Structures are given as C-alpha cells and as structure tokens.
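Below you will find one chain, with nothing else, as structure tokens; this is the form predicted on its own, and questions on how it binds or moves follow later.
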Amino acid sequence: MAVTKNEHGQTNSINQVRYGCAVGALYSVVSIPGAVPIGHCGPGCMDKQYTSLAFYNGFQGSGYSGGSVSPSVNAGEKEVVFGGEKRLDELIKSTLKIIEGDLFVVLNGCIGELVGDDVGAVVSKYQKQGVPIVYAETGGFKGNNFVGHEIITTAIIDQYVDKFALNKDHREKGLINVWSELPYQNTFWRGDLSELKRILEGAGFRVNILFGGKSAGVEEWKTIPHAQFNLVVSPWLGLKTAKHLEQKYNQPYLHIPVLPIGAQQTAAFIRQVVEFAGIDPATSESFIEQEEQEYYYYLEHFNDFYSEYWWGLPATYAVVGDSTYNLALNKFLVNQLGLIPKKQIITDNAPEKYREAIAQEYQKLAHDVATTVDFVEDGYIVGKLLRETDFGHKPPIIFGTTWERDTAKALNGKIVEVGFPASYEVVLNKSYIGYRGALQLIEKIFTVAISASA
C-alpha cells in the first residue's frame, strides 16, 4: 500500500482522532427534538460514536434517542454474506412499535453500503405508508461526521421537508434558518446555539435554530423552505446545505465565517445580518445597546484583576480545534483580550476548496495582527508543532482538547479544553459565544491561568 504524506509528514495513519466517522451524524439526528436515528451498521458503530461524541466530550449525554436507545441492525456475518435488507425491515417495524418519534432517520453504514443493500427501497415502503422516515448513505469511508452531517440535512430536506413546501416561492420576512456548529462534535453546541438564537431574536428576527433544546424540532424543520434566507455561521460547515437550498427553493443565504464572541464581534455580526435582511435596525440597535451596557459592566469590574495580576497571566497562546471554534477564538483573543497568537492548528479535515479562504481570515485577525494556520489531523504532528513553537519567556495557554494536556504540561503551560475530545469538562448548557458566552470564556481562561491545580 502506498503511504501518502502532506507537508507535515502526515501518513495515512491518524493518532489521537478528533472526530467521528460519517455515521456519527446520528448525533445530528439525536439533536433534533423528536427525531430518532436507526443505524444500518455493525454492532460497534453506534456505541463508538456515543462513547466518543456524547460521553468523553463534555459528558453531554444521550438524550431522548441517543446512546443505548438508538436502534441498530448490528450487522454481522449473516448480513455481510446474504445482505441486511430483511433485518433492517424488521428493525424499522420494531422501532415504530416501541419508540415514539416525529421523524426517523436510517443511516446506512459501511457494511450496508459495501454489500449493496438497497436501503432506499426498504425505507420507501414506509414512506408510501405515510411514515415520517428518511434514509441517508453515511458509510464511514465517505468522510467524517462533518461530512455525514450535511448528508443527513440534505436527506431530511429532500425526502421530508420538501413535502411541506407547498408554495416554494413563499418567503416569511424576518424568518431565518441558522446553520452553524456541529451538534455533539462541538462540545458547547447546546449553549452556543441557544445564545445565537437569543441574540438574533433580540435583533428582531424569528429563528429556526433547528438543533438543540431551543429548537421546535421537526415542526421547525417543516418551515425551512419559507424562511427569508439561510444564515451560515462557520468557515465552511453548512455552506453545502445552504447552496442546496438556494438551488432547490431559490432561497438566498448569507455566509459569515466567524462565530461571534464578545461585544465587538457580536455587534458587527448582528449589523451584518440586519443589513442583509433589509429590516429596520431600530430593534437591533436597541438590543446591542442593552447587551453592551451589561457586558461592559462586568468587564469594568474585571478590569482590576486584568490590570493588576500581570505577573501570572499568559501573553501568548495556541488554538487546536475545528475550523469554527479555532477562527472564532482567534478573533476574540486578539481583538478583545490582546493576546499574541503563536500557533493555530485546524483539525476537522476542512475540504481543500475552503482552506485558502479560511487561511485568509487569519491574515486579518486585527488591523495589525496576522498569523498562519496549519491543517493537521494527526495528534502526534499536533504535539510536535506545539513543542517546536517559540512561545516566548512566559508559559503559553493552549486552547485545545484532552489530547493536548500532556503537551501543555511539557510546555509548562495551561490548557482550556474547547473541543472534541473534552474529557475534563462536564458540559450542560455552557456557551463561549455571543455576549454571555464571552463572559463565561473570560472566567474560564483566567481561572485556569491563575489556578495551580488546573
């Protein structure tokens, strides 16, 4: 077998994996209230995705339809030799009897795809009977759970949502669909999406947040075709879905690559969305004024610590994580905390066609601050790059994952876990974005910085 390498010497082996496989998008389904995933895959597939994405990543929990609840074919030798369509049919029948759901999503894994099981034919029988069920081809060889996520969203839109688009030219002004963080993969997605919805509603919009506790679930998905536009808040995830909706319903989209953290970024974010929507800015400006008054009230009192505790605070930092959080953190750390970027590593295997645009964002972190970014998936190489970085005379702070803890210790630095896997964080509804999330992030950063036990 040929061994391929990139500019960092990456082989075709990956150490310290930082995402799930395509079938891991089952947790995108779990994150839609009322939706239930059905796995057409091997016995370990569903369990491994749960253990990695939902447990040792903030201990987020399985929710209504995740974890041990998720039905699975548990394909074995018999299904490999003779096909698994009959077994899948039996599983769907049993699932419909036992589990209440507003929408069922069948995820075809590697075994089903490789042996050629016609999952679509099995599912279509139930669709014709009026069962709210769709299927998606999410074999792990197609990519990671970022890729699987958009396979899932497209499947739901095409096979289910489209039935409710009676007038495809109808638009409800002020209603927007939001596509942003990857549920469960992004450790703080629940709190982040709640804050994103809060600030957009505060600005005068009605928001289809689509995932998480603030979503109205499947009923909300039905209104996707009638939104005024789609809002993509990430460097690349969600763009494929937004472009699909543009083609399908002639629905415009706004792409904002930087997830807003803090008053400065959030105000700019709100104003950009309001301008694109063409709505009266009076409501949004009033909301910004109120939020900034509260935000800076807390920062005013934080200022004593920040100006006087100079001997124990880091000056330089590195960020290791997926594109969305990596870029958002850099913008905040440079512009609002004045820290110096030293090493930035993106680990989500962002598609090649988006990498140049992502890298360009790091060239304009501030009017006088620019840095470079590395796209690396392998944990060994990540550690090597960090250890080779000159952080100056003071120990750095590393924004990374559990995998970076040993490296941070070797550098005599501190670590804030901000992504998968985060097994030293217990996360309920924590957020690090917007106005409120930024305050929590500041608390976390400087508590870690001054704590001898962190």
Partner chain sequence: MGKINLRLTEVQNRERRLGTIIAWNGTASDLHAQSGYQRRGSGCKSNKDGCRLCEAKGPFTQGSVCSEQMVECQAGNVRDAVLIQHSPIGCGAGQVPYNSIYRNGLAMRGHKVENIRIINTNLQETDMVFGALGKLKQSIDDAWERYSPKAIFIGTSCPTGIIGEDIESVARKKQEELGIPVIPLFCEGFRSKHWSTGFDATQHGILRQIVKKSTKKQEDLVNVISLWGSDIFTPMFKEFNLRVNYVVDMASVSDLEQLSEAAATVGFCYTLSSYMAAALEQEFGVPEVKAPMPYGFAGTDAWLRELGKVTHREELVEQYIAKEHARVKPKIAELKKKLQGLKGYVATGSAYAHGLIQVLRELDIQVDGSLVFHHDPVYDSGDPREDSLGHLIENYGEVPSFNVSNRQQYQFYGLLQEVKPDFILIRHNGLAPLASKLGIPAAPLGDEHIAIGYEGIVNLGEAILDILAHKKFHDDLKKHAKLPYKQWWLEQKDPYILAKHPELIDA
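Bear in mind the structure is a predicted one, so any value in this text is a computation, not a measurement. Residue numbers count along the first chain shown, from 1.
This next part talks about the form predicted together with its partner chain, which is not shown.
Inset, instruction - Would you mind picking out the stretch of 332-340, 180-188, 113-121, 262-270 that comes within 4.5 angstroms of its partner chain in the predicted complex, counting non-hydrogen atoms? - result: The contacting stretch is 113-121.
Legend entry - Heavy atom distance at most 4.5 Å to its partner chain in the predicted complex, all of S94, T402 and S423: Yes, each of S94, T402 and S423 comes within 4.5 Å of its partner chain in the predicted complex.
Legend entry - Contact residue in the predicted complex, from I152, V320, V73, A328 (heavy atom within 4.5 Å of its partner chain): Contact check passes for V73.
Inset, instruction - Using the partner position in the predicted complex, report whether E292 sits within 4.5 Å of its partner chain, counting heavy atoms only. - result: Result no; E292 lies far from its partner chain in the predicted complex.
Inset, instruction - Please run the contact check for F391 against its partner chain in the predicted complex: heavy atoms, 4.5 angstroms, yes or no? - result: Although its partner chain is absent here, F391 would stay clear of it in the predicted complex, with no heavy atoms inside 4.5 Å.
Inset, instruction - Consider F141 of the chain shown here, and say whether it contacts its partner chain in the predicted complex, taking contact as heavy atoms within 4.5 Å. - result: Taking the distances in the predicted complex, the answer for F141 is yes, it comes within 4.5 Å of its partner chain.
Legend entry - Close approach of D368 to its partner chain in the predicted complex, 4.5 Å, heavy atom: No.
Inset, instruction - Enumerate the residues of 48-62 that have a non-hydrogen atom within 4.5 Å of its partner chain in the predicted complex, in sequence order, or give none. - result: If the 4.5 Å heavy-atom criterion is applied to its partner chain in the predicted complex, 48-62 yields K48, Q49, Y50, T51, S52, Y56.
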